[in-house]
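Below, in C-alpha cells: the form predicted alone, a single chain.
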C-alpha cells in the first residue's frame, strides 16, 4: 500500500495549500484576517453539509436530496425558529428523525438510496416552497451573533471548521460506534454476523446526516440572515465532491472526516480563486469540477504507483 493510500489526508492538505498560495499570489490583500474571512465566509455550512454527505457515503449510499434538505432547514430556521422557537425546534428534530427513518426504510426494503433520495429531494423542495414561497424570513438574533463572532488570530469560519473536523474525527475514527458504522460500509454481512443490528446502524448514520444537514442549514441562515427555497441546492454536488476530494471513496466505508472538511474548504476557496481570475460565473462550476478531476487523477496515479 502506498504512503498516500495510508495517509489520505496528505493530498487534500496539499491541494488546499497550493490553492491558498495561488490565491495569495493573485490577491496579496487576502493575506489578512479580513481577507481570510471573505475567502472562507460560507465554509462552515458547506463543511457541515459535506460531513452530512460523508455519513451516507460511509455506509455505501449516496444522498441526492441533501441540497434540498438544507434549503428546507434554512426556510424553517428563517421562519418558525425565528418567530416561534419551540415549534421551529420541534420541526428540526422531526426532520432529523425523518432522515433516520429514511435510512431504516432503504435498508429494510433494500431500495437503491440514489433513487429514494432523488425522490425525497422533490419532497424537501416542495415543503421549502410551501413554507417560504419567495425569498425572505430572518435569522434568529442568537444565531446571527454566533456566526459573526470574531475570535482572535483567525476568523470564525476557520475556527469552526477545525472544531467540526476534530469532533467528527473523534466520532467516526476514534470511537467504537464510528468503527462499526464504517464496518457497515466495508462489509455489512460481517457486521450483522457479529451481532450488530445493521438496520439500526444505517438509521443512526442517516440520523447523523440529518443532524449535520440541519446544522448546515442553520449556519447558512446565520450568515445570509434570510432564506430561500433554493438557497442550498448546489450543496448536493459540493458535498459529494468535498467527501471524495477529502480522500473518501464511494464504497468500502473509507472516509476521512478531517479530509472532508479540508475538501469543503478547498471547494469554498476555489470559488474565490476563480473570482479573482475574473472567470465568468457561468464557467466557475465547470472550473471547480476540473480542479476536482485533477486532484482525483493525482490520487489515482500515486495509488497505482504504490501498488506497482
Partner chain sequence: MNPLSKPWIWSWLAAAGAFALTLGLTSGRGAGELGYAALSFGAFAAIVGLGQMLVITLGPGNVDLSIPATMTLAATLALKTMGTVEGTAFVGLAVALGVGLAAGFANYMLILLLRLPPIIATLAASLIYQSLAIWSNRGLRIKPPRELADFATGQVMGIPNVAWAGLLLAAVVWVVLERSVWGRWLLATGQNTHAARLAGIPVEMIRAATYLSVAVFASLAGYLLASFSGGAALNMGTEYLLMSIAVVVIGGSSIAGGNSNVPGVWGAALFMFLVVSMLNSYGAGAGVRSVLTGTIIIAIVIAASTRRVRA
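Positions refer to the first chain, counted from 1. For clarity, every value in this text was computed on a predicted model and none was experimentally measured.
Missing here is the form predicted in complex with its partner chain; even so, the following discussion is about that form.
- Annotated contacts: 87, 93 and 211 are all free of its partner chain in the predicted bound form [non-hydrogen atom within 4.5 angstroms].
- None of the heavy atoms of residue 159 is located within 4.5 Å of its partner chain in the predicted bound form.
- In the predicted bound form, its partner chain lies within 4.5 Å of some heavy atom of residue 283.
- None of the heavy atoms of residue 185 is located within 4.5 Å of its partner chain in the predicted bound form.
- In the predicted bound form, its partner chain sits beyond 4.5 Å of every heavy atom of residue 197.
- In plain terms, the part of the chain that comes close to its partner chain in the predicted bound form, with a heavy atom within 4.5 Å, is 125-133 out of 150-158, 79-87, 172-180, 125-133.
- Screening 262, 43, 240, 270 for any heavy atom within 4.5 Å of its partner chain in the predicted bound form leaves a single hit, 240.
- Note on the partner interface in the predicted bound form: the residue among 163, 101, 146, 114 having a heavy atom within 4.5 angstroms of its partner chain is 114.
- Along 96-122, a non-hydrogen atom within 4.5 Å of its partner chain in the predicted bound form is carried by 105, 109, 110, 111, 112, 114, 115, 116, 118, 119, 120, 121, 122, in order along the sequence.
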